[in-house]
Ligand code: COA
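This document opens with one chain alone, in structure tokens, the form predicted alone.
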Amino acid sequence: MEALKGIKVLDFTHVQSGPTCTQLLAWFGADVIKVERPGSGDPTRAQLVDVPEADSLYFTMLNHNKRSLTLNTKNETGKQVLERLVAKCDVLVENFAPGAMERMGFGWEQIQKINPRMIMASVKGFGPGPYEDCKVYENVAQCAGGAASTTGFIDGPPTVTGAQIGDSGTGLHLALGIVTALFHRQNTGKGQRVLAAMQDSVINLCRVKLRDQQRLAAGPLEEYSQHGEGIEFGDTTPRAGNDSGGGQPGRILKCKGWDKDPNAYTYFITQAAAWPNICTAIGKTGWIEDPEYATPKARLTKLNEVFGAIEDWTMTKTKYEVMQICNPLDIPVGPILSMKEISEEKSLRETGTIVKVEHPERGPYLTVGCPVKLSASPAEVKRSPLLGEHNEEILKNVLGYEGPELQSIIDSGAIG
């Protein structure tokens, strides 16, 4: 059974952060009604278009399992329809600019009057404070949340990551908040507001760097490569290249074919418990008992030499061979997988992590499936809706309009 079956979500989100959240809810069985502007809809429908006259991958990959209703909320009839939707739905999700819902006439106080059980969930760039009215995009969130200042190499500029931790990361946080609020409502009968700020979400994902900021007061961060290289630490958590964030030294190393393949690399961690096996695998058995190398502390000043020797070995193996050799020896390694390799990986198709979807306008395309797997509530990925595809269906089946009343809404221009 679908875990959220019976929950109706009024989806006023667009672009990435909000749609990530509502798509998760839809995957888990909620009836997500995506409210869009007549004629244009979510702006990502027309962004980065690769198939003429079809919705972009940007839109389709963020709006699976939803129904689309076009609604002009500036139209008086449109406002009446929206009020009826608020009364019928359980959750309203929005990622408009601050104050937009209030200007529409559907701020939190008004929504509470219409439906005291309603949960109103919002994505904002910043939480309350000096920047709460600022517009925020993915990379702005990464920078303001501390990720960029701690990403990259120490001799280079701050760097953002390709993982969408600002947008999709915030959507994941908001979905958890909504499900928690639904559980609270089950016990109290009352709705509440849920806020996920992009800056806050990025900070949450950067907690180990906040950990290291406080550790600096006790001295150098010895597991960072710069310590072994004799580079002085400043007063803030530095960029750490590809060092492991968990305290076990780790780096990205070249593998066989690296000079032709930009992703022929592996991540290799010199975990203390695996040190004898590492030495044996790379042909450095003398290091197992040598006091200059035998302990993690002794190795801290020799990490360049240690990883250099390991890389001499990994360069004679493909990244997959490194994994096949190291995993049975309990040596933590991982291949650097390209998006092409991920899209072609059979096991990811079998688990539903990568899914092929048919679309009436663009044909088949690959997308991500639900990353969270429930044993009794498996998620089925269904294609994203065409603009306004479910207008009459929602007006009839959700709101109960029929006959002349339904026709008058259509004639009013409220749905475009």
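Just so you know, these numbers come straight off a predicted model, no measurement behind them. Residue positions are given as counts along the sequence shown, with the first one as 1.
The form predicted in complex with the named molecule exists for this protein as well; it is not shown, and the discussion that follows is about that form.
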Contact with the named molecule in the model of the complex, heavy atom within 4.5 Å, among Met104, Leu216, Ala294, Ala163 goes to Met104
Answer option from Ala87, Met315, Ile342, Ala97, heavy atom within 4.5 Å of the named molecule in the model of the complex: Ala97
For the three residues Gly250, Ile278 and Ser338, verify that every one has a non-hydrogen atom within 4.5 Å of the named molecule in the model of the complex; reply yes or no. no
Candidate stretches 89 to 97, 258 to 266, 171 to 179, 206 to 214, one within 4.5 Å of the named molecule in the model of the complex by heavy atom: 89 to 97
Mark Ser17 yes when one of its heavy atoms lies within 4.5 Å of a heavy atom of the named molecule in the model of the complex, and no otherwise. yes
According to a 4.5 angstroms non-hydrogen atom cut-off, is Lys124 in contact with the named molecule in the model of the complex? yes
Although the partner isn't part of this model, could you tell me whether Val333 comes within 4.5 Å of the named molecule in the model of the complex, counting any heavy atom of the residue? no
Give a yes or no for Thr301: in the model of the complex, does one of its heavy atoms lie within 4.5 Å of a heavy atom belonging to the named molecule? no
Just give me the residues of 36 to 75, first to last, that have a heavy atom within 4.5 Å of the named molecule in the model of the complex. Glu36, Arg37, Leu71, Asn72, Thr73, Lys74
